[in-house]
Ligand SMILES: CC(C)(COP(=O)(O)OP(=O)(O)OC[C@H]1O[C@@H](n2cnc3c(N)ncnc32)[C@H](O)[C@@H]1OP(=O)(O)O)[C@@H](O)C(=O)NCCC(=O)NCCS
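What follows is one chain in structure tokens, specifically the form predicted alone.
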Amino acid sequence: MDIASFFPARATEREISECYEVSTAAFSADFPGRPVPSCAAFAEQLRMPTSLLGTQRFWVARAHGRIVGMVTLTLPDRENLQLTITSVRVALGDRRRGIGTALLRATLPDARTVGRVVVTGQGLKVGGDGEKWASSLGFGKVQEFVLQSLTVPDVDPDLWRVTAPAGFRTEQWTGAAPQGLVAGYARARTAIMDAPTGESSLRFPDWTVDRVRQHEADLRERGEEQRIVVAVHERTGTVAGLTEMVISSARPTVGYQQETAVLPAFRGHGLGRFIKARQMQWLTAERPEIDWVATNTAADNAHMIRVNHQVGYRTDATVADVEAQIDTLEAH
């Protein structure tokens, strides 16, 4: 077995295909029934120089000349500068041979060099091989999430016909927030900071107008369409809540339901359900090709899980985020 740095932009089609096989086989084994991207869509995402969270570095494991495992090291570059987000994938037939551990070990010097002290792993199926492996190395579970999805053709559109709560209206846009709403929209996004985070070291961004504009620019650069619906309190003009949907050009039939937040002063009016329902009405009217929408929600956020069910989502699986100090990992 050989562990080596990997540069997707310079990779051959065969290497990309082998990475795709490793990644999608592992995902399908853990989450049967959830759709996987095409190889072309996977390659487009893999070859982007950065993720929305920060720069990425890659290593692969080869056995007998074939890629049998890969690891992605993401280095957040705006907040969470003390940690890495690390994803390890190993071909199903090559597990329990030390490949995942060797890949993880390869990332630690780079993480140390840029001052990181914590390694975070995300989206490990609870009770699955990945969580068990991480636990054996000293990782601890810090938060659980439920994966939820909405299959558009299977949902009764009447679920999205929700009456506006008294005193509120919606505004919606694609891409850049209107200048007259952007400051209020930024303030509303800070309400996500109240969402449960368990024992996770990850922290939400401090949403300022500048940070909103940077996020919008990052999405445009990646070829991702952002669709925002906000609830506006008519008497004061306050942006009381928002919900965000993102569609990647690499997967134009899939929507990703991202943040939904309501300012504390306006909770209890049903705004979360209202704006999520309005988002689905808008999405299906303008993007009828989208047939599946995915989201994840903190497992202890019973209110948002219930709201998602009310607009047609089903719960597919429970996953965990795990963390370990680099000192702990090196000791193992």
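The first residue of the sequence shown is number 1, and the count goes up from there. Everything quoted here is computed from the prediction, not taken from an experiment.
This protein has a second form, the form predicted in complex with the named molecule, left out of what is shown; the following refers to that one.
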Original post:
Gln257 near the named molecule in the predicted complex, any heavy atom under 4.5 Å?
Top reply: no
Original post:
Does the 4.5 Å heavy atom contact test between Glu171 and the named molecule in the predicted complex come out positive?
Top reply: no
Original post:
Is Arg89 close enough to touch the named molecule in the predicted complex, meaning at least one heavy atom pair within 4.5 Å?
Top reply: yes
Original post:
Looking at the partner-bound form in the predicted complex, is Gly130 within 4.5 Å of the named molecule by any heavy atom?
Top reply: yes
**OP:** Name the residue from Ile99, Val239, Ala111, Ile247 that puts a heavy atom within 4.5 Å of the named molecule in the predicted complex.
**Re:** Ile99
**OP:** Would you kindly say which of Arg222, Arg187, Arg211, Arg95 lies with a heavy atom within 4.5 Å of the named molecule in the predicted complex?
**Re:** Arg95
Original post:
Can you say which of 211 to 219, 132 to 140, 75 to 83, 145 to 153 gets within 4.5 Å of the named molecule in the predicted complex, counting heavy atoms only?
Top reply: 132 to 140
Subject >> Heavy atom within 4.5 Å of the named molecule in the predicted complex - qualifying residues of 235 to 253 >> reply: none
